[in-house]
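Subsequent text provides structure tokens for two forms of one protein chain, presented individually as structure 1 and structure 2.
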Structure 1
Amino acid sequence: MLTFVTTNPGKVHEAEEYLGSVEQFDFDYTEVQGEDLGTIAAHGAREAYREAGEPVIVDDSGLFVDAFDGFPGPYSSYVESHVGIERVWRLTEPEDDHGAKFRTVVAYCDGEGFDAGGADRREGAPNERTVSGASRARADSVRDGDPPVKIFEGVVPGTIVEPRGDGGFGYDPIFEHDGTTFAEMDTEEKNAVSHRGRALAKLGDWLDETGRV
């Protein structure tokens, strides 16, 4: 059984579409501060695995605005709660570039090593180099004895626009993909293009190939 460490049952429902049976585990793991989603999710996955003692997945997501060099990125939740999505739109509006991306990383940990790729290897980022089983950017954060973590990334490109739509949550009203904001999509439409869904699909393919769960 694969355990999704989250307080959001909607994420579990989405995960089941790609992974089959998934158990929700409400565990308040430490969310470290950092500029890389993978670092944050990997730390959470290791901590959650130690608590659960079984295969776990942890996800972390962010909105990366091109005009702001990817900010707010890993700080998206903080910026949303303290600044608000309308102010993010107003800050972006005068810029020439309104491009943005939603990114999600899903971190998998089962306490075992990996035959190929090693720990903290990011699926979907072919240009990322690795050092002794950990990405160069994260090598210093992995301590001896830490269980390995596999990272899967999903990305959806879009545009920052004036808020539209009554659905979704977070930045959905200001994120437009193929002419429609995430807040204007129903759950089925959004899940079909979801950044989280894309990461979960990569995880699902890898689990099938390796027979891990």
Structure 2
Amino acid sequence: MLTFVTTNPGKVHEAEEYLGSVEQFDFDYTEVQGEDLGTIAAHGAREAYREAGEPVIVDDSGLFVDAFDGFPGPYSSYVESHVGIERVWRLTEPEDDHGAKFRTVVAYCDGEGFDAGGADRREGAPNERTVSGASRARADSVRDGDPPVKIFEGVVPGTIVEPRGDGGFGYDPIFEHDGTTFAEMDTEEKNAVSHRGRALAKLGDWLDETGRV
């Protein structure tokens, strides 16, 4: 069984639809400071694999607001807890552009190498906007002897709106996609369009193809 290393049960709930039964390992791995979700997730996956000793996934996500050049992006967690999602909406409201993207990087590590592409290879979605300096930070994080990590990305476009809905978690109430906020969707509806759903679908396909889990 695959182990999802996270303190967030909402993420595990969303993952189960794609990966079947998933075990949550409530381990608070180090979130390295960086501008690239891939760097943060890959570092976390290695640390979590060393701790768990079995195949693990971690995910790192961020809200990238177009009017703020991608901010808060990798700082989304800090901004959610120190600024709050309501104020993120209030800050965005006077701007002409209310567009945003949600991105997730899911990182898989089982201590073994991969056939094609090697460590930290990305699957899909290479062109979405990120804050600058991303690839430099990612490259710097890999050291000799580190177990390889496979990376899967998902991105979804949306609009920042006044909070609506009671479901989901995090920024879901202010992130609208096709007229509905993520907090107004049930898990199945959110997964069908969401950043995490897209990344998990790629991971699920790859696990099947390689006969891993």
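Treat the numbers as computed from the prediction; the structure is a model and nothing was measured. Just so we're on the same page, residue numbers count up from 1 along structure 1's sequence. Throughout, rigid core stands for the largest set of C-alpha atoms superposing within 1.5 Å between the two forms.
- Here the chain taken from the form predicted alone appears as structure 1, while structure 2 comes from elsewhere.
- Relative to the superposed rigid core, the position of the CA of Asp186 differs between structures 1 and 2 by 2 Å or more.
- A displacement of less than 2 angstroms separates the C-alpha positions of Gly158 between structures 1 and 2, with the rigid core held in common.
- Positional change of Pro55 between structures 1 and 2 stays under 2 Å at the C-alpha, relative to the superposed core.
- Relative to the superposed core, Asn8 moves its CA by 2.6 Å between structures 1 and 2.
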